[in-house]
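Here you get one chain, nothing else, as structure tokens; it is the form predicted on its own.
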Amino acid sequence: MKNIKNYLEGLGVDKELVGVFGSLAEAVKKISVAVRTANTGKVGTTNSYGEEQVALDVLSNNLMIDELKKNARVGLIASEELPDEEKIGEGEYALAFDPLDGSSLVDVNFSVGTIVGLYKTKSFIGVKGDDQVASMIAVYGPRTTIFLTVKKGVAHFILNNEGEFILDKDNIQIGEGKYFAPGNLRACVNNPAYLELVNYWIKEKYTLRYSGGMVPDVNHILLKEKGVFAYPGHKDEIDGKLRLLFECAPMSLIMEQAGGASSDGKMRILEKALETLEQRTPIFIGSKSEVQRCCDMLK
């Protein structure tokens, strides 16, 4: 049975990047425990984007940073819970992460996750998703799992009882199929084209798979190897609410490496240059033909 280290070494990945993934795996294990046991209430503070923080947001962020600070290969970090990027060492790797995406779903016992994009840069400003050297999604549900890519395909790992992430599936390939996850349905009020798209999915007897969290919905597409997740903007939030650096770019790299697609409706997510850390973007991600349908119908 291959673990993450074995898998990456088998791909010829340099030992420095293998070590960074080792730190990420340790952080994911600790966050997994916190999700099961820690306080899910609010802490009376907001993050730098004005969103009220859940105690688990803060704890997960601290657990991630603590692990990364132990790794001399990591020099720069940016987190959805921090006001700015932060230099933590002299290492060549820069990691941008959402430590606990969907944290408001924990108290109703829905799946949540961690999202990480890995770069080699001295600043995240100006980077594009295509500049990532790797990315990772962790899912905290009935099982704790990790998807990762080092731009050599996508692999899925499951945390076993011995505390090892064991390879479950390699070479994930997204095909076509009738699953849809329609985020931001309120946009239908002011965007007739989105309402038409949602009605198309319903009339064509697509199966609804929407949890209220991007991580579990993208997780579903990757494991079923088909489907689409949509999150358009609307008149009050033209660019939606999902952040390019912390959520959309890492997920888009994984989806494209699995043979799928990801677009903001006009261009590939991975071609968008980061102007600010808090930059947001609409996103349509999943099967190639379904993403193209979103782009065509929402012109």
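Residue numbers here begin at 1 and follow the sequence given. Source: prediction; values computed, not measured.
The discussion below concerns the form predicted in complex with a small molecule, not included here.
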- Message: Just to be sure I understand the contacts: of 225, 131, 80, 85, which is the one whose heavy atoms reach within 4.5 angstroms of the small molecule in the predicted complex?
- Response: 80
- Could you check which residue among 140, 119, 157, 229 gets a heavy atom within 4.5 Å of the small molecule in the predicted complex? 229
- Query: Going by a heavy atom distance of 4.5 Å, is residue 103 a contact of the small molecule in the predicted complex?
  - Reply: yes
- Query: Any of the heavy atoms of residue 213 lying within 4.5 Å of the small molecule in the predicted complex?
  - Reply: yes
- Might residue 186 be said to contact the small molecule in the predicted complex, defining contact as any heavy atom within 4.5 Å? yes
- Message: Is residue 27 part of the interface with the small molecule in the predicted complex - any heavy atom within 4.5 Å?
- Response: no
- Contact stretch among 63 to 71, 267 to 275, 29 to 37, 240 to 248 - heavy atom within 4.5 Å of the small molecule in the predicted complex: 240 to 248
